[in-house]
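Before any questions on binding or motion, here is one chain by itself as C-alpha cells, the form predicted alone.
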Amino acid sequence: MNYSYWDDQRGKIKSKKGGWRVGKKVECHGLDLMEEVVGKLSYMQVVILNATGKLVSKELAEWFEAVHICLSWPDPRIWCNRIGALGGASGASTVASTCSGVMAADSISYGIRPIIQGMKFILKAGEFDADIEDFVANEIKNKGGKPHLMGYARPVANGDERISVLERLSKKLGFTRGRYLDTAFKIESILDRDFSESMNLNGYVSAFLSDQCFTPKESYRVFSVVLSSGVAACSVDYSDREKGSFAPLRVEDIAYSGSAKREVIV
C-alpha cells in the first residue's frame, strides 16, 4: 500500500482556509482578518466565506441571515428545541444543550439535510422546464400517486408564510426571479391545481440558492448551525427554572402495555 499521501501530511498541519501568523496577522481565505474583514464584512459574509470560500455581497448575506431567522424559532415544541429545553432543565450547559439540538437537526426528513435533496430536485426539474407538466406527473407517479415532492407541502400547516416574507426581502435587496425559482413556482401551480399543495420554505430556498449558483453541498455547509439560535433560547428558558421542569411526567402518565405485574423469586 502506498502511504506517500499520509507521509506528506506528517509533521505539519495544512489549511486552505487561513491561519494565525503569530505576532503578525490572521489570514482568512487570503484576506487579512483585522485589516480587510473586521468592520468591513458582515458576520454572515464571513460565515458563508468560511463554509464555501465565496465572498458574497452584503445583500446576499442579508438574505441568508433572514433565512436563518426564519428557520430558528424559540418554540420548545420543535424537536431540536425540545432537546435544548431538556438539556437546560437537566442542568446541562447552554453550549452542550445547543450543540445537542443542532446535531438532532442534522436529519434527513426535517432540519438541515433536506436542503441537499431540495436543491438536487429543483436542479433536475430545471432540465425539464419546457415539459414541466410531464416532469411533475412522472415524479408523482414515482411517489405512488402522492404529491410528496421535496420542497413542497408541510406536515402540519398548509402553505408557508415565510415565502412571501422572503419574496419581499428579495425584491428589496434587488434580486430577480431566476430560472430555478421560476420553475419552482410553476411546479407549485401544478400541485396547487391538482392537489391543493404549495411550496414550502425548503423548496423556495433551494430554488433561490440554485439561481445564485450555490451547490447543494455548499448550502448545507452554510446552514450547518442554522437552528442554533432557537435551540439556545429554549435551553436558556429552562435552565432558568427548577431542574426537571421541562415536560415532567408521573408514572401514571405512561401507558404501560407490557407483561402483567409478577413476583420476583429470589
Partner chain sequence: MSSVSKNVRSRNEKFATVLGTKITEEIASDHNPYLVKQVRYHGYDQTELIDNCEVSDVVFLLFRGELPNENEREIFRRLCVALINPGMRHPATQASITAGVGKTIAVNVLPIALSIYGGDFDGAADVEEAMRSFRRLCRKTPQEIIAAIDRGEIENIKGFGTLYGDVDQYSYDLFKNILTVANNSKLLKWVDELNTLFNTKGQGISKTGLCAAVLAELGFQPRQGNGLMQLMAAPGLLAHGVEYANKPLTSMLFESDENYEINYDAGFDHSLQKDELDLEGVA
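We call the rigid core whatever largest set of C-alpha positions still superposes within 1.5 Å between the two forms. Because the structure is a prediction, the values reported are computed rather than measured. Residue numbers count along the first chain shown, from 1.
Form predicted together with the partner chain: not shown, discussed below.
- The chain is drawn here without the partner chain; in the predicted bound form, the stretch among 135-143, 171-179, 148-156, 122-130 whose residues come within 4.5 Å of it by any heavy atom is 148-156.
- Although the partner is absent from this view, Q45 contacts the partner chain in the predicted bound form, with a non-hydrogen atom inside 4.5 angstroms.
- Although the partner is absent here, E36 lies within 4.5 Å of the partner chain in the predicted bound form, judged by heavy atoms.
- Among heavy atoms of R241, none comes within 4.5 Å of the partner chain in the predicted bound form.
- Although the partner is absent from this view, V236 stays clear of the partner chain in the predicted bound form, with no non-hydrogen atom inside 4.5 angstroms.
- Residues from 244-266 that approach the partner chain in the predicted bound form with a non-hydrogen atom closer than or equal to 4.5 Å are P248, L249, R250, V251, D253, I254, A255, Y256, S257, G258, S259, A260, K261, R262, E263, V264, V266, in the order they occur in the chain.
- Relative to the superposed core, Q9 undergoes a Cα shift smaller than 2 Å between the shown form and the other one.
- The Cα shift for V22 between the shown form and the other one, taken after rigid core superposition, is smaller than 2 angstroms.
- Here P248 does not count as shifted, since its C-alpha moves by less than 2 Å between the shown form and the other one after the core is aligned.
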